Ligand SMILES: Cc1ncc(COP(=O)(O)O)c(C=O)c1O
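As a starting point, one isolated chain is supplied in structure tokens, in the form predicted alone.
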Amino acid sequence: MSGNAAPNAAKSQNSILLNAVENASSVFATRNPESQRLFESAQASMPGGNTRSALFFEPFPLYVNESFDARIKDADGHVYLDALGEFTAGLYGHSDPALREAVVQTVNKGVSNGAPGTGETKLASLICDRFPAIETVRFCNSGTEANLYALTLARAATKRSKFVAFSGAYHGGVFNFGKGGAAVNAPYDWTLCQYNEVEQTTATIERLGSELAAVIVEPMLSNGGCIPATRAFLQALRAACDRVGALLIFDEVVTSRMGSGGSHAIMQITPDLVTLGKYLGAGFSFGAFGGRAGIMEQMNPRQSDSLPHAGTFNNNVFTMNVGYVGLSEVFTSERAETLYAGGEGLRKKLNLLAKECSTLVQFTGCGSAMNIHFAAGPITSPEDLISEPGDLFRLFHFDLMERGVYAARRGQINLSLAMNEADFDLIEQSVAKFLERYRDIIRSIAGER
């Protein structure tokens, strides 16, 4: 091959890929004129017509008017299987009868009472019974708040100020470590390490030593690409934190839905603190942080030196009452195990399809959350994904919507309790058709014939 041949081939591949994306984008725009109109109207009152960055994509986001069971219906009347699942918060689907009845009963009894109620005690007790590492718990309004409180609690408990987190991690709107961090991050003293890298991480923990308050880690990087931690990595973090007297915080805002007791139960590793959020509010705003009773006791308002914990809606009656019904009657331990197994089985099938297409395609994940990737070789950290062709994710997103499946723009698929085997089959078939449709482009990028 001549000196110019390789660059010319790459240029040709990029041109073909860009043309495919432009065509898919055009088809999407033609199919969704009402979403486009609503988007253009929204820009008059919101910057970019947006109030949640994760839901924005070009040429304009899909506007949803109605949802039911495992389906959503957009402003133009198209119905989709909801495989985005509100980024794992939509675990229950959209119309579970037990949750609907709990909402009605709550409304009938009155809201905004400005006082404790029995609902929060029932939900707290159930959470402590369900998750082995949580001895006592307190509520807040989001996973972001839960992590904010857990980190502050760790700082107070250890009287130290430094924290370790991992590149690509997302611990909420003000703790985003994708691409090294974000300008809106809360000003904590962070040291970033590479996910699933044991030797350098433990060396960093040892170096920070008596200054380190806590290590915070997701047992599976969610926004970072559904990359699960190895048990050896989490065990190493536990041991290193013990050696230097730092706390270990598991951010289980997403992974608490894995099995009946969350990832720490699956891995049989006990963190000092656990943070929760998303689905546990059963559709209402929710956050919680809990763990060892001795640490959590610093939040006890009966003590003169307790940490303050305010929040008008910390114990709002909708979240407390409906969340309790969801966890006790709908997402039982048995159903949690079934959903986890179903997700593992579906991801295995999708990886068989990916393997038939190209070495550049694979699915990572854990249980009911998974992500397509366009990268060859093992994926153990976001550093393994640096060279992924971003336009392939756009193609995947557009193609699945065209086939009636609504997934995350970043290639994430989240299952819900409202789905059945036919829905799992639809996801599998839609992925298969995408890979068949764009097989030549994918294989060309991978350098395969």
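Quick caveat, the model's predicted, so the values are computed rather than measured. Quick note: we count residues from 1 along the sequence shown, nothing fancier.
In what follows, reference is made to the form predicted in complex with the named molecule, a form of this protein that is not presented.
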Worksheet entry | Contact of Asp96 with the named molecule in the predicted bound form (heavy atom, 4.5 Å) | no
Practice prompt. May I ask you to check whether Lys278 falls inside a 4.5 Å heavy atom distance of the named molecule in the predicted bound form?
Written response: yes
Discussion item. Does any part of Asp272 reach within 4.5 Å of the named molecule in the predicted bound form? Heavy atoms only, please.
Written reply: no
Item to complete: Examine Ser256 and determine whether its closest non-hydrogen atom to the named molecule in the predicted bound form is within 4.5 angstroms.
Response: no
Item to complete: Heavy atoms, 4.5 Å, the named molecule in the predicted bound form: which of 163 to 171, 298 to 306, 366 to 374, 311 to 319 makes the cut? Say which one.
Response: 163 to 171
Worksheet item: Which of Pro228, Gly343, Gly143, Gly291 has a heavy atom within 4.5 Å of the named molecule in the predicted bound form?
Response: Gly143
Practice prompt. Let me know which residues along 187 to 218 have a heavy atom within 4.5 Å of the named molecule in the predicted bound form, or say none if there are none.
Written response: Glu218
